[in-house]
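Shown here is one chain on its own, the form predicted on its own, set out as C-alpha cells.
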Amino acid sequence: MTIVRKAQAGTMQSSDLMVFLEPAPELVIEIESTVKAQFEHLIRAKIEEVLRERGVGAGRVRVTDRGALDYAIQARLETALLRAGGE
C-alpha cells in the first residue's frame, strides 16, 4: 500500500489518539504522547506492526496519543491508511 495523500483519523479525547499521514520518500514515525516516557516503545511497535501488515514502506506517520490502548492505535492507523490512498 502507498500513502498518496494526507489523511487523519482519531480524536484528541482522553484514551484516544490522532493519526496524521502524508506521503514521504521514506518511512518516518513521530510520536507525541502523554505517556511517552513509559510506553513509546510499545506504541511504536504497534504502529510498525500495522504498517508492515499493510505493506507500507514509505510515508510520514505522526501520532498524538492521549493514552490509547493497542486496539485503538491499530483502528485509527488502519482508518487513516484507507483514507490516505487505501486499497
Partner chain sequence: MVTELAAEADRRRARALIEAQGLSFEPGFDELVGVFEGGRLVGAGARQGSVLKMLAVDPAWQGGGVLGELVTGISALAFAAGHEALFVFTRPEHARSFEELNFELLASAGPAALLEYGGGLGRWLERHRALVREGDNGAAVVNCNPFTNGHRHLLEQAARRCETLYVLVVREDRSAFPFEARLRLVREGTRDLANVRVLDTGRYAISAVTFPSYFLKQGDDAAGVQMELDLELFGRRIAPFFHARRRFFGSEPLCAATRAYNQAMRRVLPRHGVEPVEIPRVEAGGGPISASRVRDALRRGDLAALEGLVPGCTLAYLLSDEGRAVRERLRESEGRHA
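Residue numbers count along the first chain shown, from 1. These figures come from a predicted structure and were not determined experimentally.
From this point on, the text means the form predicted in complex with its partner chain, which you will not see here.
Student: Classify M1 as contacting or not contacting its partner chain in the predicted bound form by the rule of any non-hydrogen atom within 4.5 angstroms, answering yes or no.
Tutor: Contact with its partner chain, no.
Student: With the cut-off set at 4.5 Å between non-hydrogen atoms, does A75 touch its partner chain in the predicted bound form?
Tutor: Output for A75 is no: heavy atoms all beyond 4.5 Å of its partner chain.
Student: Using 4.5 Å between non-hydrogen atoms, is T34 touching its partner chain in the predicted bound form?
Tutor: Within the cut-off, so yes.
Student: May I ask you to state whether E26 is within 4.5 Å of its partner chain in the predicted bound form, using heavy atom distances?
Tutor: No, no contact at 4.5 Å.
Student: Can you name the residues of 42 to 71 that have a heavy atom within 4.5 Å of its partner chain in the predicted bound form?
Tutor: Contacts from 42 to 71: R60, R62, T64, D65, R66.
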